[in-house]
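Given next, in structure tokens, is a single chain: the form predicted alone.
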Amino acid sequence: MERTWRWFGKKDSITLDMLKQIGVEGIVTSLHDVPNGEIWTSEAINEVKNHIEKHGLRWSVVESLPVSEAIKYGGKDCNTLIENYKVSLANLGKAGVKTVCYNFMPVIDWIRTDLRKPKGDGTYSLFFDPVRFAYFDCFILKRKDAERDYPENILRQMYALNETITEAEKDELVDTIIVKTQGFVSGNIREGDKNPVELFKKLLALYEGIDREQLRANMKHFLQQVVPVAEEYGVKLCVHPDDPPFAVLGLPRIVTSADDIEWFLKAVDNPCNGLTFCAGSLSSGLHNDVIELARRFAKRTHFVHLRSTEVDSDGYVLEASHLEGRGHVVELVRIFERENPDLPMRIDHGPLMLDDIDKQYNPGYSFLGRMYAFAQLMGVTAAVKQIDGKTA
């Protein structure tokens, strides 16, 4: 697989020269300064592409070309925004940028309750605590009837937490769930926005009455419009699974399981309509067998995110070592190297470790932690290729 790395543009403190030195081949990036819904112009695309190529690398994957909220909930600007998306796709294809990752998660992208969970070896990891998330939902958002969405054991712990949680801990939950993990991903709410809780509530309100079937219908409408453009310009679209892969905050999620993946692939059955196989997102749902999913959907996978998780029966999710946990990354490398070896692959997230601990990287995107995992997976890939070569 092609070795790629998520890079956050010229403002990223991790430079392209650094990435070239550690063996990166392709860059995964976006036009981070373009507001959601606006057209990506050919000039802006080519400026980034040329900058990357001057450093001896290539722009392999767009992550992401964001799908505006009005497309997801079917707002009055939906079709105008889809037309803008089609123009951006065409401009990317004409520039030779041929893989586009996106997601169809309403309002909120990947969710964590702790961005610096201490581990026994002195490193830190991302963590999802279902009790604290329930507290955020029921006591901070105060969403109507939110308690109905949580099992009794989580509610008991949530009410106990309410007796001890500090104001600082509440503020940290808001900062973690709404601001830090959404600002650089979805762009709906950013650092410095006032009253992020109220802004978040307004976004949630846009989805009143939107159930799973309606969200599916809106996704199918989007795909019916954009996939023909992708096909015309040779672009592969690949949706990212929901993270975590279950409904949250009363919002439906529709890319959570084998059945969901099968549904959207058949909704517009075209090779340009494909999957971003995120081992971390998929493995954080106990209902998913990632090895079986990889075998089943390898041919319709256009991009791979390699990371892993540890999950318990109550729904606590810790991002694990890339060589351990439910992600079964070693076996995934074997499957994709056999079934779809030209795929771009990137290390997704990494431990916060060593000199990176006090640096202000985007959550999950430290340099040394990802480089450590990147080196591990380069070794895994080399071993898989050698073993398969001997047994072929």
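So that there is no doubt, residue numbering starts at 1 and follows the sequence shown. Here the structure is a predicted model, which means the values were calculated and not measured.
Keep in mind that the form predicted together with a small molecule is not shown, yet the notes after this line are about it.
Engineer: Which residue, 101, 255, 235, 294, is the contact with the small molecule in the model of the complex, using a 4.5 Å heavy atom cutoff?
Structural biologist: Exactly one listed residue reaches within 4.5 Å, namely 101.
Engineer: Could you check which residue among 60, 64, 68, 366 gets a heavy atom within 4.5 Å of the small molecule in the model of the complex?
Structural biologist: When the small molecule is considered in the model of the complex, the option within 4.5 Å is 64.
Engineer: For the three residues 117, 132 and 316, which mark the spot I'm curious about, does each lie within 4.5 Å of the small molecule in the model of the complex through at least one heavy atom?
Structural biologist: No, none of 117, 132 and 316 comes within 4.5 Å of the small molecule in the model of the complex.
Engineer: Want to guess which of 246-254, 211-219, 165-173, 108-116 is within 4.5 Å of the small molecule in the model of the complex, heavy atoms only?
Structural biologist: So the stretch in question is 108-116.
Engineer: Using a 4.5 Å heavy atom cut-off, state whether residue 72 contacts the small molecule in the model of the complex.
Structural biologist: No, residue 72 is distant from the partner.
Engineer: Give a yes/no on whether residue 326 approaches the small molecule to within 4.5 Å in the model of the complex, heavy atoms considered.
Structural biologist: Contact with the small molecule, no.
Engineer: Although the small molecule is absent from this view, report whether residue 349 comes within 4.5 Å of it in the model of the complex, heavy atoms only.
Structural biologist: Yes, residue 349 is a contact residue.
Engineer: Is residue 302 close to the small molecule in the model of the complex, meaning a heavy atom pair under 4.5 Å apart or at it?
Structural biologist: Although the small molecule is absent here, residue 302 would stay clear of it in the model of the complex, with no heavy atoms inside 4.5 Å.
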